[in-house]
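Okay, here we've got a single chain as structure tokens, the form predicted on its own, with questions on binding and movement later.
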């Protein structure tokens, strides 16, 4: 996983919330200290660390809670939103006009992984049905031509280059012309690796941009640089019109957090991150989802919004019963109805970061069996609803006759009840240990 060390540290910090009976100012202070340590170890700038944690502290303690959201949920959301905010907040995709040539000029310091990134991006978009070609205009680094050519051939991607041509501007213009003839929609232009203070190479970069007028200039930065990545991004942004940034080598670097935060601080959007050596180890950068992975959870923010949209009411009595380990047929029906408002049960659990395997048939309950189960339960006594274990042969026959269903249908209801009861117990245990799931979600009482 990307930035695994930082992720584990942040997840450990949040576990204080999972296991705490009371969430007070002292707990928030300890949480803030833990987050500070995690970010500093990840090479995030000290002033940025203080800005992040001060925002967390203030909003966690001072903000009024939204209706239907617990203090625990609120604090986790504050941490989530704050980290995402400082990483760019919203994903910004690479703009590609379908059916037209889109020239993307790739720049970066030698050794940043620029040429490899071009190969990855070409493969990424090719797999998504976009006609993609690459141009080598790097006549500065020995081996650049052969490296990009091999990467292109490996993925069967059109390539243009000329080892005999020493003029980078001519290479770029000829290559662009050739790719347009082939009706390429995305054209990735590789340029010479350059240091931000090398005046000659910076001039060459500007000359190429002036000659071919790229639709976007993408800067590739080495994620192992940590905070130094920010200086690179700022220098290149000053020298040219950078449209976006790709941060590479985030798979094993302890400095990755520093690189991401430093680059984001320049205001240039991060659009992709490199997550490994393989050709498929690249992904669009989505700040909110990235933070979710760091925290060891899935899209909690989306789950909270789903809860609100579904207008789910919290049954306090049911919550207390479930916390005490009691779970009736009436509770099961209530939970299934609430979950149905939010979507498939399996999807909801996935959003909560839970890796529970649903019992076979459970996913279909809400769609196919809810109405039948409700009819069956209407033929039960209050005692039977509260204590399903008393339903034996004679009661089972009576319930089936009264509901106009079969004894098999009644047994299926009881079977689903036992499976869901078992699942609820497992979730409750995991919650108490702080190992999985998102606590105190309305409508998912006791999970």
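Positions refer to the first chain, counted from 1. Being a predicted model, the structure only gives us computed values, none of them experimental.
Keep in mind the form predicted in complex with a small molecule is missing from the figure; the text below concerns it.
In the predicted bound form, every residue of the candidate spot (110, 141 and 275) has a heavy atom lying within 4.5 Å of the small molecule. A single residue from the set 115, 261, 232, 335 has any heavy atom within 4.5 angstroms of the small molecule in the predicted bound form; that residue is 115. Of the residues 249, 123, 289, 174, just one reaches the small molecule in the predicted bound form with a heavy atom at 4.5 Å or closer; this is 249. Contact annotation for residue 147: at least one heavy atom lies within 4.5 Å of the small molecule in the predicted bound form.
The closest heavy atom approach of residue 101 to the small molecule in the predicted bound form falls outside 4.5 Å. In the predicted bound form, the small molecule lies farther than 4.5 Å from every heavy atom of residue 214. The closest heavy atom approach of residue 193 to the small molecule in the predicted bound form falls within 4.5 Å.
Across the options 76 to 84, 232 to 240, 158 to 166, 133 to 141, residues that bring heavy atoms within 4.5 Å of the small molecule in the predicted bound form belong to 133 to 141.
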